[in-house]
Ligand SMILES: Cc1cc2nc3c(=O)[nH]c(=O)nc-3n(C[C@H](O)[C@H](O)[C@H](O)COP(=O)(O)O)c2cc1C
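One chain comes next, on its own, written out as structure tokens in the form predicted alone.
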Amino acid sequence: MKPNLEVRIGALRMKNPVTVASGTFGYGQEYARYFDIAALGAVTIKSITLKPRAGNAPPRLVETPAGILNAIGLQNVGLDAYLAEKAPFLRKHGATIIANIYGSQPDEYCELARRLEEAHAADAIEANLSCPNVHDAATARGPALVAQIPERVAEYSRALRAATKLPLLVKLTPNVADIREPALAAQEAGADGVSLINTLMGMAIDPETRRPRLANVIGGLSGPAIRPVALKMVWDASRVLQIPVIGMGGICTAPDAIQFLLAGANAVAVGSMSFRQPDAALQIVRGLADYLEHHQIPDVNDLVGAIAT
């Protein structure tokens, strides 16, 4: 008998616990040439804003030891183009859609969520409160990232919860002293789950020119280098939350994904590994199934939080 791979994140049903990290998979079109994207638990799309964004000036990507620094700046096609062109493609291919959204104020997030729900263009909403490389995120009220202030996480989450009936995920930043505080704020404000983690803030300098390698100066670090940090934050958050956690950060293989499940994640997302190996997420789905069969574990949910300490 085949093991059960289905998981639930609130009302969101995923055929397996593997999705992709927003910004690393586009809108699924580029990857559909390599494999059936409907075979994933969900496709998490690149962040959508109300209006199209050109993003930051280049250079916007820098390779680092065991990782990538990016300062794309949320370049995206905008909501209208997503609804007209991207969502129909994903629906045609049978993908479950987690729509990552970004705005500069709560009302922008709410409008995005409402319109996505009305158009049946998403199966869940992932609110990006934690992008580290957009200038318009800065406010006079404190740090540039909403996700660094638990009270603001609660404010945005509460507004979104009132705006949509879709399952609501809140994507949080690792650039905090204690991940449990914003995670609990999201839970108490009605979120159905949290996504951990977004990228770590970092930078690189060219010794010859003495200039930053990114035009934006700082960027977000992703890749295997951040996996231990992400794993520990998933473990921290899952121990105090009653809502599910989607774990991400340097996941490259099925054993990586299994670590996150054991630490308390209910699902995982594959990020920059998809650049190197386009079908990495699919291979992780297969690797999880093989692991469960080998260890005679009937249900992938039995792995969640099953770390032996």
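Since this is a predicted model, take the numbers as computed values, not measurements. Numbering starts at 1 and follows the sequence shown.
Omitted from view is the form predicted together with this ligand, to which the following refers.
Enquirer: If we take heavy atoms and a 4.5 Å cut-off, which stretch out of 234 to 242, 68 to 76, 159 to 167, 82 to 90 is in contact with this ligand in the predicted complex?
Expert: Result for this chain: 68 to 76.
Enquirer: Could you check which residue among Met248, Ala42, Ala281, Leu261 gets a heavy atom within 4.5 Å of this ligand in the predicted complex?
Expert: By the 4.5 Å heavy-atom cutoff, the listed residue in contact is Met248.
Enquirer: Is there a heavy atom of Ser272 lying 4.5 Å or less from a heavy atom of this ligand in the predicted complex?
Expert: Yes.
Enquirer: Although the partner isn't part of this model, could you tell me whether Ala183 comes within 4.5 Å of this ligand in the predicted complex, counting any heavy atom of the residue?
Expert: No.
Enquirer: Just checking whether Ile197 would be counted as a contact of this ligand in the predicted complex - the rule being heavy atoms within 4.5 angstroms.
Expert: Yes, Ile197 lies within 4.5 Å of this ligand in the predicted complex.
Enquirer: Check whether Ala21 has any heavy atom within 4.5 Å of a heavy atom of this ligand in the predicted complex, and answer yes or no.
Expert: Contact check for Ala21: yes, within 4.5 Å of this ligand in the predicted complex.
Enquirer: Decide if the three candidate residues Asn100, Asn128 and Ser222 all line this ligand in the predicted complex, where lining means a heavy atom within 4.5 Å.
Expert: Yes: each residue has a heavy atom within 4.5 Å of the partner.
Enquirer: Could you list the residues in 39 to 55 that come within 4.5 Å of this ligand in the predicted complex, counting only heavy atoms and keeping sequence order?
Expert: Heavy-atom contacts within 4.5 Å come from Lys46, Ser47.
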